[in-house]
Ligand SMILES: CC(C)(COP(=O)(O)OP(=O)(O)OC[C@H]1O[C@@H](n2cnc3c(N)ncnc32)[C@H](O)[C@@H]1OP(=O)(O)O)[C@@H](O)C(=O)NCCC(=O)NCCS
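This document opens with one chain alone, in structure tokens, the form predicted on its own.
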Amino acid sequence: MAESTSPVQVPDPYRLELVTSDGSRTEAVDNVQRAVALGFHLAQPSDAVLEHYATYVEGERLWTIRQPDPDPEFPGLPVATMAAYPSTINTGHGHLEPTTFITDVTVRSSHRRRGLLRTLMTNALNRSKEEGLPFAALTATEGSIYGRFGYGISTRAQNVEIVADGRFKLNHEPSGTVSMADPLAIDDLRLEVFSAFHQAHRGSHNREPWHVDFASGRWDPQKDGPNRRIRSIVHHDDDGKPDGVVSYEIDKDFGSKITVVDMVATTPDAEVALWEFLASIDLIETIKAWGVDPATPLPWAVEDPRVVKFTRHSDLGWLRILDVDRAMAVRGWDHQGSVTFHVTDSMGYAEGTWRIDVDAPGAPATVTRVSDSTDAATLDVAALGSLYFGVGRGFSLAAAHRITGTDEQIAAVDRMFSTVDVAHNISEF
């Protein structure tokens, strides 16, 4: 069922509607998925895809924009879509903070440059702010869209290609044990390992239920059905507790190339042991994976570092700070000291000047809003989002003219926002 709502000004003659989703398939939910498929150049969804989509978006807010009927192009389909739902991000030191996750953002090609994306985004951010959520987060298919709405790159991902033709040898013996597992029989284990990963890694974003189905091969959107080539491996620590799990696909019968579908490792030993097992599989010459930890020990753990090649570095998570007071209060701070900064925000949510005081590494910050910005570095809210998990550095952002101030002010920003750990997010959404 669709509910009409007008929390923001909608360009005439369009109307904003909320499609409610209870997990069951309806015409309205089907039409949202058809519009999403159109926007992302996907094949027209089959009945099986529509059934799965209805299940996966249960409880999400499916915001749509429609034009007056009749639609001469695609009757019944919205011209713009955006899904939003609450989840959590790790802000450092194990704290998981509620956040609005935004996905499935599309505007039909024939309706661009009419303010429809801004309407959807303003609506979502307004509601998040009203509900007391300090952040909104998304992953992006294009890098030039979301900066204008105050999002900054907050986590990065890298792809790796590993030579596994016999030259892959570790310079140490990882602890724990590795064994194969029926990929369809370890759903609870996958959730357990990811929960531990999410709790342990700054910048981690919580996952939607579809990740388990995808990692198990139960459902592959590229195949409109199961992927029977999926295999899984589990790592247990010395106490027998699972702390790593990987799902992978071999390219063909008697194939020589592995593509890692999903890897979750809570410790460096678990990660390295999983790589070693994959490289030991008969006939395999190449392993390819995405989303590898930016701080992976892998190139340092092999005797020949040239068997590990990083083939792509890209952004993954984008963070939009809505409530600076709350965001700074829940952040895990690794350095003692003080910093004052002024935030500019064209949308108004985070405009102001704040002083942060941290009495000791690991201690919570005292966050004070101040009226005088003359003794403060100035940065835009997107730059603050990039600083937040430590991915963006103060000096780099200043060199890019995203932060202004004296050398001392910029040095204070750089030092206070730097982190001992490296942010690692493995969740697309």
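Sequential numbering from 1, following the sequence displayed. Small disclaimer: the values here were computed from a predicted structure and weren't measured.
The following text describes the form predicted together with the named molecule, which does not appear among the structures shown.
Enquirer: Does Asn206 reach the named molecule in the predicted complex if we count a contact as any heavy atom within 4.5 Å?
Expert: No, Asn206 stays farther than 4.5 Å from the named molecule in the predicted complex.
Enquirer: Is Tyr248 near the named molecule? Define near as a heavy atom within 4.5 Å, in the predicted complex.
Expert: Flag for Tyr248 set to no.
Enquirer: Hey, in the predicted complex, is Phe149 touching the named molecule, heavy atoms inside 4.5 Å?
Expert: Contact with the named molecule, yes.
Enquirer: Can you work out whether Arg355 and the named molecule are in contact in the predicted complex, taking contact to mean some heavy atom pair no more than 4.5 Å apart?
Expert: Output for Arg355 is no: heavy atoms all beyond 4.5 Å of the named molecule.
Enquirer: Find the only residue in Arg112, Lys223, His313, Arg228 having a heavy atom within 4.5 Å of the named molecule in the predicted complex.
Expert: Selected residue: Arg112.
Enquirer: Which one, Ala181, Ala140, Met347, Ala196, lies within 4.5 Å of the named molecule in the predicted complex by heavy atoms?
Expert: If I apply the 4.5 Å criterion carefully, the residue I get is Ala140.
Enquirer: Where, among 377 to 385, 53 to 61, 33 to 41, 390 to 398, do residues come within 4.5 Å of the named molecule in the predicted complex by heavy atom distance?
Expert: Stretch 33 to 41 is the one.
Enquirer: Is the named molecule in the predicted complex near all of Gln9, Leu18 and Arg66, within 4.5 Å of a heavy atom of each?
Expert: No: none of Gln9, Leu18 and Arg66 comes within 4.5 Å of the named molecule in the predicted complex.
Enquirer: In the predicted complex, which residues of 98 to 135 put a heavy atom within 4.5 Å of the named molecule?
Expert: Those in contact are Val105, Thr106, Val107, Arg112, Arg113, Arg114, Gly115, Leu116, Leu117, Arg118.
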